[in-house]
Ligand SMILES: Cc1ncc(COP(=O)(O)O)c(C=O)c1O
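What follows is one chain in structure tokens, specifically the form predicted on its own.
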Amino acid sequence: MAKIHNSIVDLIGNTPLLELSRYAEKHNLPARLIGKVEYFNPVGSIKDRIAWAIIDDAERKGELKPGQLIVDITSGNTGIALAAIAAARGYRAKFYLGDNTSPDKERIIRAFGADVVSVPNSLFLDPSALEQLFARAESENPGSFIANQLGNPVNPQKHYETTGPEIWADTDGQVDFLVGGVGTGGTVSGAGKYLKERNPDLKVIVIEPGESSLPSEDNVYPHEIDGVHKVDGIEAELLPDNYDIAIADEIVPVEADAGYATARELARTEGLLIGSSAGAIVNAATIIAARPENAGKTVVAVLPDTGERYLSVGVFDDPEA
């Protein structure tokens, strides 16, 4: 029978694992380094998974009505995924984005017919910024459905049900490290929980931006690892609700420029065009894979999105050119 799908949501998940063999050989890595290439999702990122999970859950509960407005705060990828699925299912969408968000991401969100509200990046220097933004979103959009990717529990649950099992199945259970970042915390928390239940010795490695890659009063717009947040030393109440602080076995800081350089290197050694967070995740995974005690082990790095969303912000510009 012909395999013809009825909706883009039917295409979400079952993304491939790719061994980064040429890159690993170049760096003389004693461990296997494997990327989970999430840009194979239909709208181009790992956030397709949670966007559909959130909408599907709300529909099942009767919280979403035909034509209703979906609202959220996003650094881009979840907004893109929500906008696309909203369009496919007849909803309207509106998103609040920091004004440091890649212009490519904003254009894609608008292409799906969603509205965008730009928010100054300086706002996020205030620890209560997200609370303020959610209050603003609710007051400005009465009767809307707030997706709340940061706190909606179906986010990590979706990764527990799909991302983790996919990694386990595709490695035949031979996985020793999972490396990822914390945007909402859903990926490492959900997939990490699943994998640790199957292999209690598995280690979850969480990356975070280095100090010079974080906004400050002196530099509100540094080079950033898009959508990845600092977690070490942050008070629990200021972390995303979907991040399980007990899941991380090690936290590795990565500067944005190092992540950018790794993304450029992967483009030129593996033909793999990935985003800034994916570059930073592979940078940290390289550190783990290079340790002599990890020889022969398998390191899986989650590659959240495509590098096509960062062409206008200099990720792939040669700094020596």
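Note that the structure is a prediction, hence the values are computed from the model and not measured. Just count from 1 along the sequence shown to find any residue number.
Below, we turn to the form predicted together with the named molecule, even though it does not appear here.
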Residue 185: heavy atom within 4.5 Å of the named molecule in the predicted bound form? yes
So, in the predicted bound form, is residue 209 in contact with the named molecule at a 4.5 angstroms heavy atom limit? no
Whether residue 36 contacts the named molecule in the predicted bound form should be assessed with a 4.5 Å heavy atom distance threshold; does it? no
Give a yes or no for residue 226: in the predicted bound form, does one of its heavy atoms lie within 4.5 Å of a heavy atom belonging to the named molecule? yes
The named molecule: the contacting residue among 285, 274, 46, 70 in the predicted bound form [heavy atom, 4.5 Å]: 46
Which residue, 263, 54, 281, 289, is the contact with the named molecule in the predicted bound form, using a 4.5 Å heavy atom cutoff? 281
Here the chain appears without its partner; judged in the predicted bound form, the stretch of 162 to 170, 87 to 95, 227 to 235, 126 to 134 with heavy atoms within 4.5 Å of the named molecule is 227 to 235
Under the 4.5 Å heavy atom criterion, name the residues of 281 to 314 that approach the named molecule in the predicted bound form, in sequence order. 281, 304, 305, 310
